Each structure stands twice: as structure tokens, then as C-alpha cells.
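Here we start with a single chain on its own, the form predicted on its own, put down as C-alpha cells.
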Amino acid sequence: MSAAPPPVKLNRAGLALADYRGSKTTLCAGCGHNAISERIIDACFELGIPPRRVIKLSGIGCSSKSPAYFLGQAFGFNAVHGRMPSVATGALLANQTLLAIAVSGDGDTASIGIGQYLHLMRRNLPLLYIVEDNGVYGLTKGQFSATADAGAKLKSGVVNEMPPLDLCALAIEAGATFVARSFSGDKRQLTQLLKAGLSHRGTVVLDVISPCVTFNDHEGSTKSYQYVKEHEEAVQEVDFVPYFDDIQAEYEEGTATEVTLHDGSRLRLRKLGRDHDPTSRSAALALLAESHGQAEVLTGLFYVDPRKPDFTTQLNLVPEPLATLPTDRVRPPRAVLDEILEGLR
């Protein structure tokens, strides 16, 4: 007689992990983007986020195929190249009850979409913006992207002579209120940062180094698995404690700081080798500038500001989805129109 299968673990929303999965991936075996999709599944399951409350947004490229591989029950919109921030803005202004997960690539974001990216940061739109960063255009045969490091080498032997754009530094400078970097191969850190980002009310930028196994995982690449493992330096060790969990934990020796996010969730940071204050904008920019000259791949939370109002709050929008409002709440009465017309005479 065979043993009974173990019971399926359910989260606080009464859902199983399988409810958070999507379609089978069509990306290359070993692609870092697949690991990111798995971490998104884990983070949403652990937080108990209902998939049908989520809207997934993307542009064009290998990274923008990723939303098909997680949260299959969520809403989704695949925008044109570099224009995903505009679509995200429209969707969230129309319905701010949605939880937005935006997935883009370094080509989609840092080249054709850089203008839209900066204005999205400036508005502080409430969404999680994940950049799956591999330094190349993986969908069009591996040309360098704008985040490729100077001196990096393609498999063909071509060397990049242009300096890279740092999407984290640009995000902090432009107004994002949660900025971090991680590595697709760092399961624990990436999961914790995703959980913290999903609980933040404002623009969250998570730049994830995600090696392209086909075009950018060779000797000479600065975004290969081997290079990142050898040069990664964590700014701090990150633990995320959701406010709805009563957790007792013992921490290793070392100082710690706790950042409270908008909904009361707590992001706990334990200092390792650096004395970095993630609430200081100038300290974050200085840290990133310093790392460029030291061949380091810094990961962790660089900057967070839980006090700045998000875009929907600034616009004083009603909390309900606009399409659900009755006519008398969206159409001015005849007396108001008559008053406007009279003022134009």
C-alpha cells in the first residue's frame, strides 16, 4: 500500500505554490531570467499576494518574455520596445488597486526606453520595476547594450569601448524611492529584496545581473556567472519581516538597522563590511560611484525613502478603479459647465 502524498502547503491567501506558476519557459536552459521568475513566484507566494490582483508589464526582448513564466492568473500587457513605462502609468492611474510588476531588460530600458525610464522614476509611480540585466541584446545575437562595462569582451572578440550606464544611480538621481541590485544566482538575497519591493509604495528599481548563457557567459565578460561570483560584494545582509508575521529570530553578531516601509512592513539590514545608510541619497550615489573604479559588482539595498508620496497620491486620485465610478462622479453637472462657459465669454 503506497503512502499518502504529503499535504499541499497553502499560504495566508489559501493558495498553493502551483497557483503562482506560469507557462513553461522557452528561454535558453540556464538563463538567469528563469531564476528571477522562480524568485518572483516564491516572493509572491510567501507574501500571500493574490495573483489576480497583479498586473505584469513588459516591453521587448528576452526579459520581456519572462512574465509569461510566472503568475499565470495575473493580468498582463506586453508593450512595444522601450514604451512599457507609459503603459504602466496609464494602467495604474486607471486602477491603483493593482499591484504592478514590470519586467524589462537592459536594452529595453537603458537604450530605446531610457527617456521613459527616467520620467517613471521622477513620478514615483507605485510599481516594482525589475531590470534583467545581462549587458547584451540576447534576442538579436548578443550585441553590447548600454549597461555593458568598458573593456568587456564579446565571444567574437569585440571589446566594448563605451562607458556603461548605471541604472541604479540614474534611478536614485531621478527620484525612485527604493533602489537595489542583486544577482540572479543569489536566491536568498533576491527573494528578500523582491518581498521588500513588493511591499513598498513607490517606484522600486531592482537591477538584477542575469547572465546570458548564450552570448555573455564566457571569459572576458563582466556579466558572466563566474565573474559576478568572483566580484560580487554585498552591501548588507537583507532580511524582510512582513508586518503580518510574528517572527522571533536570532541574528548573528554585528550591528543592524531597520527600515519601516509604507504598510508597516520592516526591512532589516545587517551591516557586513560597509557602514552604509540606505536612507541617505548622497551616500547611495557615492557608494555606486566608488564601486565603478574597483571592478566590484555591488548588490543589496542602496536607497529607500518610505516618506515620499507616490504618483497616485500626488494626483489625489480616488481609490476606486476609474472604470467603476458612476456617471455622476466623473461627469460635471450642467451648472458647472454653464459656469465655465460663462467665464469664457
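Note that residue numbering follows the sequence shown and begins at 1. If you're wondering where the values come from, they're calculated on a predicted model, not measured in any experiment.
The same protein has a further form, the form predicted in complex with a small molecule, not shown here; the description that follows concerns it.
Checklist entry - Each of 198, 265 and 267 near the small molecule in the model of the complex, meaning some heavy atom within 4.5 Å? => result No: none of 198, 265 and 267 comes within 4.5 Å of the small molecule in the model of the complex.
Checklist entry - Just one of 204, 136, 71, 193 has a heavy atom within 4.5 Å of the small molecule in the model of the complex. Which one? => result Exactly one listed residue reaches within 4.5 Å, namely 136.
Checklist entry - Tell me which of 183-191, 154-162, 86-94, 108-116 has residues with heavy atoms within 4.5 angstroms of the small molecule in the model of the complex? => result Flagged stretch: 108-116.
Item to check | residue 49, heavy atom within 4.5 angstroms of the small molecule in the model of the complex | outcome: Because no heavy atom of residue 49 falls inside 4.5 Å of the small molecule in the model of the complex, the answer is no.
Checklist entry - Wondering, does residue 61 line up within 4.5 Å of the small molecule in the model of the complex on heavy atoms? => result Output for residue 61 is yes: heavy atoms within 4.5 Å of the small molecule.
Checklist entry - Does the small molecule get within 4.5 angstroms of any non-hydrogen atom of residue 260 in the model of the complex? => result Residue 260 lies outside the contact set for the small molecule.
Item to check | Contact of residue 122 with the small molecule in the model of the complex (heavy atom, 4.5 Å) | outcome: Residue 122: no, not in contact with the small molecule in the model of the complex.
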